[in-house]
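Consider the single chain below, provided in structure tokens and representing the form predicted alone.
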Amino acid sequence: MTLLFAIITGFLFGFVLQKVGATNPQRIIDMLRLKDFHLLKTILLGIGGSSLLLFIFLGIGLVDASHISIKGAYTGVIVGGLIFGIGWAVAGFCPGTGIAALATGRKDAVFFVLGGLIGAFIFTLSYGAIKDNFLFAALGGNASLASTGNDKFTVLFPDTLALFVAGGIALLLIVIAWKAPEKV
């Protein structure tokens, strides 16, 4: 059942990416050049809406807080984020949009996906040699802004319910998505 759910949600995610134009590298490049905000609005609405739903579901008990995981920050995340951003701007694809574009038959997506797989394979082979270098130095512990009911993490504002913090941020993202212009 879990595999079937993953296949269905993956198909729906790819369908939505195609419908909003995220499988077209030119739309992504125009977004990154701040010429076309359609995808940016879609991304902000998706993040805001899903965050709001997640924290509402946490608040009413439909989602178990023990399933929430906060990843630690380390230097490699910043370096990797920069590499990811440069690759996104150059290729016009991120991993999700690249796979969805491949499913639509785009030839440039074939090279993007193959490049990603080769890069992941090289990283896997070299991980043992690089795991003790500065890229994996921790920048701090795992922390949450507010309590989610999961006691594994440091809480920065312990007397604040996560729904209010995350809900406020989510609503802000939704308002920005709603108010931002389509094109500049």
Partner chain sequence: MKDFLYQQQWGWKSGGIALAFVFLLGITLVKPVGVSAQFVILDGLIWDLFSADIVVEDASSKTTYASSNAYLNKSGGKYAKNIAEPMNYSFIFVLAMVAGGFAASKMQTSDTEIVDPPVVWQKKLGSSTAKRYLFAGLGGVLVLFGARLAGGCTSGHMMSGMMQTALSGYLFAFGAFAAAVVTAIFMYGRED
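Numbering follows the first chain given and starts at 1. All values derive from a computational prediction rather than experimental measurement.
Separately, the form predicted in complex with the partner chain exists; it is not shown, and the next lines address it.
**Q** Taking the partner chain as it sits in the predicted bound form, is residue 59 in contact with it (heavy atom to heavy atom, 4.5 Å or less)?
**A** No, no contact at 4.5 Å.
**Q** When the contact criterion is heavy atoms within 4.5 Å, does residue 164 count as touching the partner chain in the predicted bound form?
**A** No, no contact at 4.5 Å.
**Q** Indicate whether the partner chain has at least one heavy atom within 4.5 Å of a heavy atom of residue 137 in the predicted bound form.
**A** Judged by the heavy-atom cut-off of 4.5 Å, residue 137 is well away from the partner chain in the predicted bound form.
**Q** Counting only non-hydrogen atoms and a 4.5 angstroms cut-off, does residue 169 reach the partner chain in the predicted bound form?
**A** Because a heavy atom of residue 169 falls inside 4.5 Å of the partner chain in the predicted bound form, the answer is yes.
**Q** For the stretch 112 to 127, which residues lie within 4.5 Å of the partner chain in the predicted bound form by non-hydrogen atom distance?
**A** Contacts from 112 to 127: 112, 113, 115, 116, 117, 118, 119, 120, 121, 122, 123, 124, 125, 126, 127.
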